[in-house]
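Starting off, we have a lone chain in the form predicted alone, written out as structure tokens.
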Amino acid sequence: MTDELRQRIAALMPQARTDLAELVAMKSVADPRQFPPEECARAAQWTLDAFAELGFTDARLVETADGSKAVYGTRRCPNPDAPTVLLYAHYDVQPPLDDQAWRTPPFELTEVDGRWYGRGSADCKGNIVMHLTALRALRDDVPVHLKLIVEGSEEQGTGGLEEFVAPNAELLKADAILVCDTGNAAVGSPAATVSLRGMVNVVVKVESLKTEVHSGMFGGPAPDALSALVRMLATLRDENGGTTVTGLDNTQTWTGEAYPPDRFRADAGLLDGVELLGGGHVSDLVWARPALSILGIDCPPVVGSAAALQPHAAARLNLRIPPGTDPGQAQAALTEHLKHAAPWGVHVTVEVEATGSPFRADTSGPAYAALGEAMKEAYGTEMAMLGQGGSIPLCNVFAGQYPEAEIILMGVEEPLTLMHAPNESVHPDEIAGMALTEALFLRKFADRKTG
């Protein structure tokens, strides 16, 4: 049956490309300051109509707390005792950023060297198409009850769907939840993401003078805020570049699939001669230990700057934290570290922008066993278990609301997709391979739960 499903999916790939081209053409950035809200409305309606044609006859739009619309629907199978699977994706996308940095038009699906380019082609419209392709391949033979939720504000981080879950718990309750917003280790290398880092975003502000003063007259004895900030930020890394926030464990190790350094260098786009940081295994550093990144600094630009000491400066920091670390503890540790590192008595304030908890999946249940079998049949190789540096707060919401459900993170977003960056793309083989995986999983999960 696997070969028959594989052939069906191969025959469905032209339709998959058409679907993805239509979706990518919709500029569904969930920020009305950048794009008209009608673009998100179009994407939501397209998604609703597509799933309604596949048996989600009650598909409808539901409003979430942040004002965005999610697509919800159900499809029941003849066996009343069959398990229920919730399919998740999101139709909103990141803004394109610098249009000039794109090698192809960002909202026009374009094939280059075998990959399909366009904003949202992978994250996450490619996963919507993956769901559609899997269900079309199964036709009427779907042996589980299905629920669907496709949200419209995931990229904005405004928490619309997270707040929707608790008051609508029965709508989304399922035995297995497929959170399709991650991807494989590489094209053709199947994987489930079983760990997500949480995060703490802060803005640290430094003040030292009442106003700018002449660097020739006062430079030397008078402390400038920018120099103080630089010294503070330098304490957040050791001589090997490893993150050193006092009070956070920087020694944990990753027990799943390793991340080969050469692959990481290629995935990250490191320039020749640039060293990897941290002095340890890549997989430990990206999935099991805290990582501090400087996202931005407020200070005068080089062009137009004056010969003056700066009275104030600020930096926006992103601290990623591994499972086992409480975000409140991490926030307190980072704040205390920055204040203790401040030199010369400068005034320091630390403002918290956002926090998110890390997540670790329980992989011991029948859904993970079915997924492993499905991936091996689809790809011809064993499923790896990976971590991911990104945060998906919804996973913790699902885990808290549905403690008996198995939460699976998978999808078409392998490292070369460049999601969130210019030149986002998806490999069509991943849409085909993961659609086959999903179709096989639904059958195997039904057998394990009802057999």
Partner chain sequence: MTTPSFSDEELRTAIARELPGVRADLERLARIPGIAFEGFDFTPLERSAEAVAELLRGLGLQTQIARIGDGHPAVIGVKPAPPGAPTVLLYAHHDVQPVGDLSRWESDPFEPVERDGRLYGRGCADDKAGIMAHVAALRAFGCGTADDRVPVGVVVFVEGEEEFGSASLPDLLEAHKDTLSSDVIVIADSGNWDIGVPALTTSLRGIVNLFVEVKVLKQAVHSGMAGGATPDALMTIARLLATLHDDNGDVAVDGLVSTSAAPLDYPEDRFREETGILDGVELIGTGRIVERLWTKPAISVLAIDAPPTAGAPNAVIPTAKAKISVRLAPGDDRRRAYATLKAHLEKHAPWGARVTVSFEHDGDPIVIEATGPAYDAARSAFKAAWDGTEPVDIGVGGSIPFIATFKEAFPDAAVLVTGVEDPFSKAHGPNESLHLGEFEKVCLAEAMLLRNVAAL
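The structure presented is a predicted model; accordingly, all values stated were derived computationally and were not measured. Numbering follows the first chain given and starts at 1.
Omitted here: the form predicted together with the partner chain. The next part is about that form.
Engineer: In the predicted complex, which of the listed residues (Ala369, Leu171, Leu277, Val352) lies with a heavy atom within 4.5 Å of the partner chain?
Structural biologist: The option sitting close enough to the partner is Leu277.
Engineer: Counting any non-hydrogen atom inside 4.5 Å, which residue from Ala166, Leu97, Val112, Ala258 sits next to the partner chain in the predicted complex?
Structural biologist: Checked against the cut-off, the match is Leu97.
Engineer: Sort through 222-230, 328-336, 69-77, 356-364 and report the only stretch with a non-hydrogen atom within 4.5 Å of the partner chain in the predicted complex.
Structural biologist: Looking at the other structure, the answer is 222-230.
Engineer: Answer with yes or no whether Thr246 is in contact with the partner chain in the predicted complex, where contact means some heavy atom within 4.5 Å.
Structural biologist: No, no contact at 4.5 Å.
Engineer: I'd like to know if Pro37 sits close to the partner chain in the predicted complex, meaning any non-hydrogen atom pair within 4.5 angstroms.
Structural biologist: Looking in the predicted complex, residue contacts with the partner chain do not include Pro37, since no heavy atom lies within 4.5 Å.
Engineer: Answer yes if any heavy atom of Thr251 is within 4.5 Å of a heavy atom of the partner chain in the predicted complex; otherwise answer no.
Structural biologist: Close contact is absent here: in the predicted complex, Thr251 is far from the partner chain, nothing within 4.5 Å, heavy atoms only.
Engineer: Do Thr182 and the partner chain share at least one heavy atom pair within 4.5 Å in the predicted complex?
Structural biologist: Because no heavy atom of Thr182 falls inside 4.5 Å of the partner chain in the predicted complex, the answer is no.
Engineer: At a 4.5 angstroms cut-off on non-hydrogen atoms, which residues of 235-252 are near the partner chain in the predicted complex? List them in order.
Structural biologist: Counting only heavy atoms within 4.5 Å of the partner chain in the predicted complex, the contacting residues of 235-252 are Leu236, Arg237, Asp238, Glu239, Asn240, Gly241.
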